[in-house]
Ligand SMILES: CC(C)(COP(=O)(O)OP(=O)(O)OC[C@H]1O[C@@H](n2cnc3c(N)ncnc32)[C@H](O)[C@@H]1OP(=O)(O)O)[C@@H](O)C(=O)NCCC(=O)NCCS
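As structure tokens, one chain now follows by itself in the form predicted on its own.
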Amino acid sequence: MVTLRGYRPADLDALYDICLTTADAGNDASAIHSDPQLIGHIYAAPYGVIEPEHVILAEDDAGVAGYIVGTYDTPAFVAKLEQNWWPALRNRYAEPSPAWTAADRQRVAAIKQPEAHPASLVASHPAHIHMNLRPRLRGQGVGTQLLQGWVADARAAGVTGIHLGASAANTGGVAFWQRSGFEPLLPIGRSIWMGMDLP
């Protein structure tokens, strides 16, 4: 039995853990990170802390096992990160650690210099999302339910379009987004930027 619900502050650890254990093109990235929070600092936790009203969780009998996070206004969210999220993390990771893996160093670089959302895509699709599910929830329509719930809320708020960045290596994820109404718009490096209009 899977329940969809809103975010609570006690869910922060779950956001970090799900993000890490699905970060390698949908697979567990624990082995390539010495710091288990690094990837969550970028792609999951700030949404729960800064815009918790835009987080929907999927929970089963074993606990929170999936989420969709995002923002309706990407430029405003980026500004909030610069003011309220990145400064403390930049201090925390100011000095390199000999324990850092190559993946850790990549994430620290992204904290110090976040990847910019393509301006043309933000102009036409101002909202953006991230979604991850533990393997036990996949193939049951849970991802579709999370997405539909988030989209319905965004549409009711007057959002005109949503974008996301998907790893080109995550072929299953890319296929899911395309089936769900997202169109590939900007392939850049190892990422495929996709968008969906909200009429």
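Residue positions are given as counts along the sequence shown, with the first one as 1. Predicted model only: the values in this text are computed from it and were never measured.
Keep in mind that the form predicted in complex with this ligand is missing from the display, and what follows is about it.
Undergrad: Could you confirm whether Ile39 comes within 4.5 Å of this ligand in the predicted bound form, counting heavy atoms only?
TA: Outside the cut-off, so no.
Undergrad: Mark Val49 yes when one of its heavy atoms lies within 4.5 Å of a heavy atom of this ligand in the predicted bound form, and no otherwise.
TA: Val49: no, not in contact with this ligand in the predicted bound form.
Undergrad: Does this ligand come within 4.5 Å of any heavy atom of Arg190 in the predicted bound form?
TA: No.
Undergrad: Indicate whether this ligand has at least one heavy atom within 4.5 Å of a heavy atom of Ala10 in the predicted bound form.
TA: Result no; Ala10 lies far from this ligand in the predicted bound form.
Undergrad: Scan Ala45, Met131, Ala154, Leu57 and let me know which has any heavy atom within 4.5 Å of this ligand in the predicted bound form.
TA: If I apply the 4.5 Å criterion carefully, the residue I get is Met131.
Undergrad: Among the candidate stretches 154-162, 167-175, 29-37, 49-57, which one is within 4.5 Å of this ligand in the predicted bound form when only heavy atoms are counted?
TA: Among the candidates, contact is made by 167-175.
Undergrad: Using a 4.5 Å cut-off on any heavy atom, which residues of 126-146 would contact this ligand in the predicted bound form?
TA: If the 4.5 Å heavy-atom criterion is applied to this ligand in the predicted bound form, 126-146 yields Met131, Asn132, Leu133, Leu137, Arg138, Gly139, Gln140, Gly141, Val142, Gly143, Thr144.
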